[in-house]
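To begin, one chain is listed below as structure tokens, in the form predicted alone.
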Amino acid sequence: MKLTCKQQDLARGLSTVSHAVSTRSTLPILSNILLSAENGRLRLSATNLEIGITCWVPANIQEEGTTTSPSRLLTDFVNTLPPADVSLALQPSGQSLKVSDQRSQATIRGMEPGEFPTIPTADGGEPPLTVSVSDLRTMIGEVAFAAATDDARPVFTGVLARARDGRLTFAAADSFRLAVRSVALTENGAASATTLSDMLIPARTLSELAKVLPDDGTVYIVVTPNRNQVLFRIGDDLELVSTLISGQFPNYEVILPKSRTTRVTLPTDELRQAAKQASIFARDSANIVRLKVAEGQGDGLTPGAVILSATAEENGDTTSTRDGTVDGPGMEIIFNVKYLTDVLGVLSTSSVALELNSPQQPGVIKPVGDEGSDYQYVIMPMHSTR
């Protein structure tokens, strides 16, 4: 193997695939990156056996070939090189890769490429779904954080992906909250939307995918023939493949409230600030925040309001009042403040709505002003004996 490429392209490619490099595996090969000079480009691949990322880098190929190289060592060295041409040459014996520019060089010993696991492809899989990069990034940001982080119940560590009637829906839950977001599929992918079966994608996969997505473009989502993996293809130079979670995701639609008694609308940043202040005191008291919705006065001069209060046992308390538009009777409900700060941290609209039915029933947070958005975030109430 012998080639030349731009340092910027190589560094970017190595950084991208490093998101799939295993850091705790007992298999040494998983800490390596597979490099293949073929078809006029350099292919970089990494996998931790749960996800695999492949990135293609423009290169001038003098000799085709394949090797592996320790991810951290290779990436760190390439990052120290100036933005100019970099040469990669596999030495005649062994798996030593010479990396050099005009002033520096290094020889990095790798492992036999035959030991590197095969990364699945989607050849022969189901028809692809097509969604814009911006829509997919928004869906991941607004939904994936609501999935469970422990593996006690694996289905709750995943995000349900469902395609129906030209729309793609993501849903995630951890038994205490539920986030649901839909976007329209692009024209090429809409035709297959009525036939694609539900799939359960690990939330960790989507979080890693969000880190490597480019600023714009189109994403093709393909399920492999055995329905054990899903592949995300972005343009012609980036692919991420992940195992799917087996199991049945709960019917989230029955959890979504169909009505509301009270709806309050207020600026997102105001509620975000109040929730953040409450969290400072609530963290010492099971994250309890009391949220009171107060109706406005009939004189038209006194607006409605949301009052958030929290108490730190033996250390103090806090109360924050934020004006808002209230439709319906006043009400008081107890939430886990972390669930409030989490969702308010990902919403980008200037206003947000909180819909309530009773202190014992779930509350719903929705963005206001995002045309076409059907995002819903459901929070189960807490109960306190105090």
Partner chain sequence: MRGVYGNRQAQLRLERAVQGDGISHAWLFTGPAEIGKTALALEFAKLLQCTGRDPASGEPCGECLSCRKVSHGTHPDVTVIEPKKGERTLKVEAVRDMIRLASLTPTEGRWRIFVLPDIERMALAGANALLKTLEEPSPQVILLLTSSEPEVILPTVLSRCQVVPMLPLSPDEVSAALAERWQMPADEAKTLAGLANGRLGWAVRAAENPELVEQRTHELDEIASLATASRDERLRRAGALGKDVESARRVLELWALWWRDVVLAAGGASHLVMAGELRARAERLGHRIGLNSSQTFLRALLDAQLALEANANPRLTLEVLALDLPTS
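Positions refer to the first chain, counted from 1. Keep in mind the model is a prediction, meaning the values are calculated, not measured.
Just so you know, the form predicted in complex with its partner chain exists too; it's not on screen, but the next bit is about it.
- Residues placing heavy atoms within 4.5 Å of its partner chain in the predicted bound form fall in a single listed stretch, namely 112 to 120, out of 73 to 81, 167 to 175, 112 to 120, 276 to 284.
- By the criterion of a heavy atom within 4.5 Å, Thr243 is counted among the residues contacting its partner chain in the predicted bound form.
- In the predicted bound form, no heavy atom of Thr107 sits within 4.5 Å of its partner chain.
- Glu50 belongs to the set of residues with a heavy atom inside 4.5 Å of its partner chain in the predicted bound form.
- Although the partner is absent here, Asn315 sits far enough away that none of its heavy atoms falls within 4.5 Å of its partner chain in the predicted bound form.
- None of Arg204, Arg272, Arg263, Lys292 but one reaches within 4.5 angstroms of its partner chain in the predicted bound form through a heavy atom, and that residue is Arg204.
- A single residue from the set Ser197, Asn228, Gln102, Gln91 has any heavy atom within 4.5 angstroms of its partner chain in the predicted bound form; that residue is Asn228.
- Contacts with its partner chain in the predicted bound form, taken as any heavy atom within 4.5 Å, map within 139 to 171 to Asp151, Pro154.
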